[in-house]
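The chain below stands alone and is given in structure tokens; this is the form predicted alone.
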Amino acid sequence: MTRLLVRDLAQVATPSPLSVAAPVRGRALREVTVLEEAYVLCAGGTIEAVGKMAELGPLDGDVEELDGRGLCALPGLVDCHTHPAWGGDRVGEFSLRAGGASYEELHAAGGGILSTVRATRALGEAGLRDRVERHAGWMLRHGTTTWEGKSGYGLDRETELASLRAVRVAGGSPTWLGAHSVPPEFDDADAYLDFALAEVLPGAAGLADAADVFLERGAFDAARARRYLAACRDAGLSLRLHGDQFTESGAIPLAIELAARSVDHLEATGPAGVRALAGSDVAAVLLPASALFLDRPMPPARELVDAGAAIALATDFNPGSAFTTSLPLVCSLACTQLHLAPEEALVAVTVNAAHVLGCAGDRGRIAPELRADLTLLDAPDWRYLAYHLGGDIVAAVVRDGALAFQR
């Protein structure tokens, strides 16, 4: 069995004890255990031991060592909302928006999502795999060891299924975002959903872990979103929703009704939506990089936490509204713009994000018998994760007990 000792770490920081079940809420979001001058011992893909260097005794057998002097170890970061499968780019649109055009205006004029659909369909399956592998590499270099990847830029059978396969091959958790937009070959949303549910869902159900819908003015309304999600649930997929990005259009009540894992965005969520989420099992996935990129109001993170809602943070990596793969940057935005504490941000990109993906049972914390995923910061204090705005702070990444990246 391969063993890896990460030794002489300045700090090991991990979210609340295993006795606190995921998702972590309320005051427990600030419970982070910090060990100074510590080590983490990995064996066969799992954590064997974690503790103080002074307490580390002799180790039998062959042990590979990784020098952690001056570094801080965190659980491998988890990005629970990304869109990595796309072709082309949207740099021209970015320039137009900087000149005053709104996201909704660009979408209505055939730009936005539909412009990426055209470029993605032209890539082909091999091209999609290359793109997703490249984007997965970007995530890894920012400390992400577990990630979700959505389809939704094909909106035909071949490209949607190819996107899901590409995410799976690259090591991500695939989500079928079959209801992202209505492609131009269909007259209306109902006709497109007829096609998607009859022709794409059977294949997607065998490839994806979850299904997602863009419930928003100009995309899919609550009635159509319910139809789509109910069919996906019946096919065995977990449910996610893009909701309340621009308007409150019924996403939160629908997410609660259908027992969705999460509702994501929430920039337009008001007090009633905050109360509803706080009283539910639906997680609120907050995407501050998207709000910043589009110059939108930030989601009500502080209100959600104080009310008792379960929150997670994610990049929303995509070509049009959040062109970043950096969870450290998202943590900086969470602290400076969403008014979260560094401890709350850490929990939101580790154990709570893992909960959204259904894998909090084996990752998101540093403890024996959990998956050996570690993000090592080139910093004297783990809070540099959020403190160093846009900094190149990830020194190395351990995934499944092996060194996966080192700067």
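Start at 1 with the first residue shown and count on from there. Everything numeric in this text was worked out from a predicted model, so none of it was measured.
There is another form of the same protein, the form predicted in complex with N-(iminomethyl)-L-glutamic acid (NIG); it is not shown, and what comes next is about it.
Look at the candidate spot formed by Gln245, Asp316 and Gly320 and say whether N-(iminomethyl)-L-glutamic acid (NIG) comes within 4.5 Å of a heavy atom in all three of them in the predicted complex. Every listed residue reaches N-(iminomethyl)-L-glutamic acid (NIG) in the predicted complex, so yes.
Report the residue, out of Leu71, Val305, Leu327, Ile113, that has at least one non-hydrogen atom within 4.5 angstroms of N-(iminomethyl)-L-glutamic acid (NIG) in the predicted complex. Selected option: Ile113.
Can any non-hydrogen atom of Phe214 be found within 4.5 angstroms of N-(iminomethyl)-L-glutamic acid (NIG) in the predicted complex? So Phe214 counts as contacting N-(iminomethyl)-L-glutamic acid (NIG).
In the predicted complex, does Thr144 have a heavy atom within 4.5 Å of N-(iminomethyl)-L-glutamic acid (NIG)? No, no contact at 4.5 Å.
So, in the predicted complex, is Arg90 in contact with N-(iminomethyl)-L-glutamic acid (NIG) at a 4.5 angstroms heavy atom limit? Arg90: contacts N-(iminomethyl)-L-glutamic acid (NIG) in the predicted complex.
Any of the heavy atoms of Thr120 lying within 4.5 Å of N-(iminomethyl)-L-glutamic acid (NIG) in the predicted complex? Close contact is absent here: in the predicted complex, Thr120 is far from N-(iminomethyl)-L-glutamic acid (NIG), nothing within 4.5 Å, heavy atoms only.
Among 198-206, 163-171, 221-229, 237-245, which stretch sits within 4.5 Å of N-(iminomethyl)-L-glutamic acid (NIG) in the predicted complex, heavy atoms only? Looking at the other structure, the answer is 237-245.
Heavy atom within 4.5 Å of N-(iminomethyl)-L-glutamic acid (NIG) in the predicted complex: which residues of 253-282 meet that condition, in order? Just His265.
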